Every structure is written in C-alpha cells, then in structure tokens.
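Only one chain is included here, represented as structure tokens and corresponding to the form predicted on its own.
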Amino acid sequence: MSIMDSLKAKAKADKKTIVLPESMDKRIYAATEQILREGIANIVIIGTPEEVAENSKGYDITGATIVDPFTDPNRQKYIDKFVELRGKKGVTAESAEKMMTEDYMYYACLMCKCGDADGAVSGACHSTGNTIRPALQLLKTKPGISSVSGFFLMEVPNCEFGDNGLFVFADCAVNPDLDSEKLAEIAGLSAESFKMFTGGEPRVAMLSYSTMGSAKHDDVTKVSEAVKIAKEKFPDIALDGELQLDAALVPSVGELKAPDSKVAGHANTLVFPSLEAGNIGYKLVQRLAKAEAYGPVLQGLSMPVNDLSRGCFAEDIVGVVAMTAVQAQLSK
C-alpha cells in the first residue's frame, strides 16, 4: 500500500469537512467527484450558483455542500468574526464583506475559525501568497510558532534509505529567508509532521555542505547554531547536524563522517538550509528518482490550510485534501 492509500484510509475512518474556495476552476469539481466517491472527506465549495453551474458541468458533485458567499445564512456571523479578529488592523464590516466576497479564501478561513469546517485547500488558480495570507490573518500560527513553513512528503520507489523510501523534505515552498531560529522551528515541526503522516519515528538531519564542522562559513554556522537551538527546544527528537546529504542518508558514510551520531546514515526527515536548496532538492528527487512528492503541505498554522501547485491535476487535489483531513484529525 502506498503512503497515499494509507492516508486516504485514515481520512475515511474519521471524515472531516474541507473547504475548497476555488469554484472557478474545473479541476476542483473533478477532484470533488473523486473525493466524494471514495468517501475521503466532506466537501464544501464556495461559489455562486452561476460559478458552480458553469464550471461543474460533466461532474457529479452530489453530496458536496455549496456555499454562496452572497446569500449564506452564516454570512453575518463571518463578517462579525472578521471584524473581531482584524478590527484593530482597520477592518470594518464593509471592508470585511468586500474581502470575503472578492477573495473566497477569506470566507473559507472564517468557516474554519467559526468551527463550520476543519480545514481548507486552495492554490489551483491562485498564488501561495493568496492562500497563506488569509490563513495567517484569520487563523494565526500555533502557540509558540513564529512562521509557517512547507514540506513535501516524498515516497521514493525501490529506496533503501529513509523509512523504506519515505521522507519529509522541508522547507521547500514557503520561507525564502531562514535564520537559525526558523531552521530549528522547522526541524521540530517537520519531525511532528513525519510522525503524523507516516506513523514512524522521525530522525531529523539538518543539512549543509559541511558535516560536523568539516567546512567553515557563515552558512554552515547558521545550520550548526540551528542544531543547538533545536536540541534544546526538542530534546526528545532524534536530531543532528550539520550533515551533508550522503552522511545523513548512507549508513557507511554516516559512520565514517559522523561516527558518534545516531541520526547520520539513518535520517528520514531532511531540513534544508535554504528554500532554494529545498525546492531544488525535492524536484531533483521527484524527477530523477521518479518519486511521488505530496505537497506542499503547510505546517505551523493553528488549523490545517494547504496550498496547491497551479499546475496541479485533479488527483493532486484529492491527495492534498486527504492530507488536510488527516492533519485535522490530529490537530484537535
């Protein structure tokens, strides 16, 4: 059974309600048809009757809940909540109403905030910023977490490394400016995500082009300082670094380069030193090793909200909805 099949089974066992605010995209309806047919989640689509009728042609979305943001009976409740949350930032009832009806992602986040949904998925036809901004403004990060990061759950076929080819790669999608504190935070969140989605014990490698001081540079120091911070903040996590990739994954190399490390040679959770490295790294593995790359999945928010690639297929949306549902199960 693939990891996605396992995640779909988990989602079915305790169905959650996931909001899809992009009613203007036909892929949403193709995905909704499959999600409902497989019983993965309850689906809410935000859109006017005209938008839904036009874009859902040819798809059976019987069973989905359609919420028209202009006539929804809960509309005033959401406006009031928006003003309560953002009034100090200058949001009035009038501006809240305008934002909610012009950008349905705000409406989706308010549904989650008010307990009418368990999570949201967007990004098929909007930027990552359009997905994350409303979530940060209305849902906020988890207590003690300073920023949102993104990871991919990687499943590499015929792979002896990681957990039989399963890995978490982070941050590959969100943070362009990482310091030691943020890297340490990403390490803790990524370990939590690995355990949540795979059920396995995370072994976190903080990656660099240096292994345990073999090179000297500010970029190396940033990672080594992150390791110190992470070990203090998360003493129960198996975590080490800085490690070169081969030292992190290959037992013989790990034993040679970092003989005292319990992580070297056995890592399954890889924290990259920069967004650039992470993004390049996951795409290399995806394309050259023909790996499945599930994500990007956002971590650090108080409720599950996830982003889609604008080049995604309907099947990708189904997968992200399943992952969002599993996050919702475990975030209570």
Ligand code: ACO
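Quantities reported herein were computed from a predicted structural model and do not represent experimental measurements. Quick note: we count residues from 1 along the sequence shown, nothing fancier.
Keep in mind that the form predicted together with ligand ACO is missing from the display, and what follows is about it.
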> Which of 122-130, 76-84, 195-203, 96-104 has heavy atoms within 4.5 Å of ligand ACO in the predicted complex?
Replying inline: 122-130
> Within 4.5 Å of ligand ACO in the predicted complex, heavy atoms considered, which of 141, 92, 214, 224?
Replying inline: 141
>> Going by heavy atom distances of 4.5 angstroms or less, which of 115, 235, 176, 259 would be at the interface with ligand ACO in the predicted complex?
In response: 176
>> So in the predicted complex, is ligand ACO close enough to residue 26 to count as touching (4.5 Å, heavy atoms)?
In response: no
>> With the partner left out here, check for me: in the predicted complex, does some heavy atom of residue 282 sit within 4.5 Å of ligand ACO?
In response: yes
> Applying a 4.5 Å heavy atom distance criterion, does residue 164 contact ligand ACO in the predicted complex?
Replying inline: no
> Does residue 152 make contact with ligand ACO in the predicted complex, using a 4.5 Å heavy atom cut-off?
Replying inline: yes
> Taking heavy atoms and a 4.5 Å limit, what residues of 142-161 are near ligand ACO in the predicted complex?
Replying inline: 146, 147, 148, 152
